[in-house]
Structure formats: C-alpha cells, structure tokens
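We begin with a single chain expressed as structure tokens, specifically the form predicted on its own.
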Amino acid sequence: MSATLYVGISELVQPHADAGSSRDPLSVTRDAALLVRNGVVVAAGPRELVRSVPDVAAAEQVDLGGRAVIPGFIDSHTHVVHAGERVDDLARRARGETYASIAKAGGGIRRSVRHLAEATIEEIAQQSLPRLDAMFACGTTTVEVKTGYGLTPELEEKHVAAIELTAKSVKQQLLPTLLAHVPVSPTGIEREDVVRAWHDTVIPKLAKRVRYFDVFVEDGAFTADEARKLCGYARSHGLGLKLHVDQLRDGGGAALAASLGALSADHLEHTSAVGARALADTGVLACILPGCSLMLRDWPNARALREAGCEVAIASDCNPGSSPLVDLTLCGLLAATQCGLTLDEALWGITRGGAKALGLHDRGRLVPGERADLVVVDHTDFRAIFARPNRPPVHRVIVGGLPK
C-alpha cells in the first residue's frame, strides 16, 4: 500500500497514553501533518518535522483544508446488534415507571430476548447495520458489541452469530463480548441452572468466537459471588473481563471489578468513594454511560471519579431500551455538561479511554505504530465536535489510513 501524507491540519489532537492523575489529558499540535503507510501512523506532529521524514516525498499528499484531526472514536460498551425496538419502555418511563418495574412487567431485557428469538440471524444483522452506519458517520471506528439478549445457550450462540454476520458488512471493527445479563431463562429453569449453563456450556463453547466476558452485577441480576465464579472461568478461557456495576445502587461493584482485575467497570452511577479509589489503585478503567443516564435520569459523578485518580472512559451503551444513542460526541457532551468532565477529558474518554477499556494498545491515539483511524473535523477547532449535538461536524472518517 502506498503512503499518504495528510497536510492542511489546523490542529492534530493527541490523547495522552495515561490520564489517571493528569489534569491535561491531551496535547494539540497546530499546523500539523500526518504520514500513514500500510494503515499505520509513521509520523505525526508539526508539518515541517513530518516533511523531513525519509521517503516522505514519495507519499501521496492529501490536503485537509485547515481542519482539525482527532483519533477515531472507540465505543467500549454497546448492545448495538439487536432485534426490534422497545418504544413502550420509553413511554412507561415517561409515566414514572422504573427500570426494575418495567423489567418485572415483561419489558426491558425480556422483550429484547423475544425479539432476538423471533428474528433470523440475517434479520438481526440487517436491523443493526443502519445503527452502525450512523455510528461511523459520527466518527466511531471501533465498536465493542455484547450478547446478553439470548439468556439461553442456544440464543446466546445465535446472538454471537448475528454479531459475526453484521461485522462482515460494516466499515468499523466490531469486538464481540459475551454478556451474562440476568440469571433468568425464557424456559423457566432455575437460577442455579442458568449459572451452571453459563459455566458449563456458554463460556467454553463460545469463548473462541469473542474477546471479552461481561456480567451484570445488580439486584435482579447476578450476585458478586456468581460473578466471581463466572469471571474466573471466563479468564481461564482467555477472555478479558468487563463488568456492569453500581448502576441502580452502590453494591460494591467497583471494588469487585478492581479485585477481579477487570479491564473496566461500567455504569458507576452509584459508586462510592471507596469503590472509586479501588478502581484507581488497580488501574481498572471507570466507564460511564451518559446515554443511559439521559434516559434513566441518573447521572454518574465523573468528576469524583477523576478526583479519586480514575481514568474515565465514555461509551454509548447503545441498546433498544435505556440508551438508543449512536453518537459518542453527544455522550461526550453529556459527560461534560452533566457528569463533571472537561471537554478535553471527554475527548480522551471516547478515544484513548475507550481503547484502554478494551485492553487495546494499537489505537486511540495518532502516534507512530498505531492504527491510522482518524476523524477529520469540519472546523479549525477540535472542540467543535461536541458543539452540535446529534449533528457532529465530521468532514471525513478514515480507517486504516483510507477514507471509507
């Protein structure tokens, strides 16, 4: 593949590798250039410095017209591959019903399980493609995708197959996760049997087809002891760990994620100071989901997480019920306006933060050796990416050094 030299960059934004204690998570180079070869960044920085790199004269030159360039966004927590919608859930919440009461009445996750069971794998993929296309148009180049709407071994395998089929037709990379969502079954088997099915069947059968294992630890979902058992078994099969915790109350979930050495602890709306400190001490990423908070009216305190020393990632939680959002820039804006982050911290959270929450070391920045996944902002100031909610000024999205 020939090399490409991108010039005409008003601002080249580089998230720092780490942001645990830094109040300055980004660096910005003005009048910058970017040299890409074989889908990987070769050089990035001041224009004249990049132009001095050997063989740069042989590269095809692309002028970006004085626009800002930032890394491609990484959505580290989604349920974007699913069947059907849950519009009725929204109407019920508007009438004052709670997440828990809707689920108890047969809505919520159980409705998504029925939709998954009734649709073919091809139908699930076709329904999911427009959502992923919209994500890409907003700048998201890497997407984690969870199962969890199957509950039974057979439907969980179907969900994995739907993710695999969807991945063949999208512009971004999809990274699949097995999610133990709730310990109930459409067939009415006992809770202990559901846990056993995950341990004896789902994890060993599907581990080679996914990258991560996630478990929802909450009242009405899995207990901490069940999570420890399943996470230990998933890790023995080579899977990275991610946990849904402290969403509805402080159940000690953040400390649990820290003790398990998870890649990230996600939700954290009710995480205590002790839990936040545990995440910081162990380097487990704190991942907030402002889209879900917008729908459920329950915001995490990301400023407190940062002050405790946590690195904070931001994800969309795109799902048919509690967060039908596809735009990470909107989630970043909500993190800044409602959760206490700065715009610089918000950008770190949807780039390098998302990468770290997935254990990825080849993306989330634009430095030599990393993937050339980038967003060209249709503005000279990178912060404008947050200034137009649900209509981000994205001029071009580039994956592997090539416009899609």
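Quick note: we count residues from 1 along the sequence shown, nothing fancier. As the structure is a prediction and not an experimental result, all values here were calculated from the model.
Not pictured, yet referred to below: the form predicted together with a small molecule.
State the residue from K158, R131, R306, R86 whose non-hydrogen atoms include one within 4.5 Å of the small molecule in the predicted bound form.
-> Contact residue from the list: R86.
Handout entry: Contacting member of S322, T142, T177, T166, with respect to the small molecule in the predicted bound form [4.5 Å, heavy atom]
Key = In short, S322.
Within 4.5 angstroms, counting heavy atoms, which one of the listed stretches 227-235, 324-332, 133-141, 78-86 is next to the small molecule in the predicted bound form? One stretch meets the cut-off, namely 78-86.
I'd like to check something about V284: if you look in the predicted bound form, is any of its heavy atoms closer than or equal to 4.5 Å to a heavy atom of the small molecule?
Residue-level check for V284: no, no contact with the small molecule.
Practice problem: May I ask you to check whether I74 falls inside a 4.5 Å heavy atom distance of the small molecule in the predicted bound form? | Solution: Contact with the small molecule, no.
Classify I109 as contacting or not contacting the small molecule in the predicted bound form by the rule of any non-hydrogen atom within 4.5 angstroms, answering yes or no.
Residue-level check for I109: yes, a contact with the small molecule.
### Message
Residue-level question: is S264 within 4.5 Å of the small molecule in the predicted bound form, judged on heavy atoms?
### Response
Flag for S264 set to no.
| message | Contact check in the predicted bound form: E11, W348 and F386 versus the small molecule, with a cutoff of 4.5 Å between any heavy atoms. Do all three pass? | response | No, the candidate spot makes no contact with the small molecule.
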